[in-house]
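Below you will find one chain, with nothing else, as structure tokens; this is the form predicted alone, and questions on how it binds or moves follow later.
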Amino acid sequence: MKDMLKAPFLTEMIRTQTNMYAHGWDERNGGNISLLLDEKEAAEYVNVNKVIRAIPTGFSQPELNGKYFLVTGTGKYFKNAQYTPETDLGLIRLADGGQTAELLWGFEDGGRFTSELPAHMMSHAARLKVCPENRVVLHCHPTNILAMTFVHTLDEREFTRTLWRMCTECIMVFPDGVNVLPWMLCGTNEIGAATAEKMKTARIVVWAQHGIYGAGRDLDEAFGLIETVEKAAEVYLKIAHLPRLNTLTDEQLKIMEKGYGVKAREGYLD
């Protein structure tokens, strides 16, 4: 059995958490990540036949039964993951149709997975139907995208179009746009189901007055996706109160579509 603390997926998870905290996206114990692992990959580092604890999840997700996930813990600070990964992170396997999380490694202080696990698992299930290579769901509280939800209409088309216009590369990075949820209580199955529904059509879901959910094929892709959206929101907030002398037009966005070889979300360009 290989040393779990040297597993590449654990190293990359810790690196991502540390970077997110440094960006100011995950204050205190804010934010959570889940990374889908192959059984073969997990079995190199943990005994998949030895369940440390069985933890009820409070939801059902039959299509993920038997899947392995490295997940962040509830109440844990991202800044500490590099020092105490064995308590701040856990490797779980879903069982009983998703109603049970079998702990195979981590949470050594008796902790458990993030309270947002329902939203993560429902989003994984939704994204896997769209992109079978999806492996990551990432939630955080980027300052500028959060602020933008206070001063911009939450209409998804208009929200997306504003972000696309803030930086030339935006339409290349997220041509599927962003979806937006009005404020809902976090940590519930209800917001999990609503987020998963939005994940069917976009890899970014903005939670108004709260933060953002992003999905991707790996940690770099999910991080970079959120990073680009957050940069666009920052530019918007810097200029929103100023006279607009120049802008990216729909015609220019269409030129970028062709130049980048991407397809903007249907109906989002005039």
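All residue numbers refer to positions in the sequence shown, first residue = 1. Here the structure is a predicted model, which means the values were calculated and not measured.
As for the form predicted together with a small molecule, it is not shown, yet the points below apply to it.
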**OP:** Report the stretch among 231 to 239, 24 to 32, 54 to 62, 218 to 226 that approaches the small molecule in the predicted complex to within 4.5 Å, counting heavy atoms only.
**Re:** 24 to 32
Original post:
in the predicted complex, does H210 have a heavy atom within 4.5 Å of the small molecule?
Top reply: yes
**OP:** Answer with yes or no whether L181 is in contact with the small molecule in the predicted complex, where contact means some heavy atom within 4.5 Å.
**Re:** no
Original post:
Can T160 be called a contact residue for the small molecule in the predicted complex at 4.5 Å between heavy atoms?
Top reply: no
Original post:
Within a 4.5 Å heavy atom cut-off, is P175 in contact with the small molecule in the predicted complex?
Top reply: no
Subject >> in the predicted complex, the one of A194, M166, C186, L128 near the small molecule [non-hydrogen atom within 4.5 angstroms] >> reply: C186
Original post:
Though the small molecule is not shown, can you say which of T87, T143, S115, T100 has a heavy atom within 4.5 Å of it in the predicted complex?
Top reply: S115
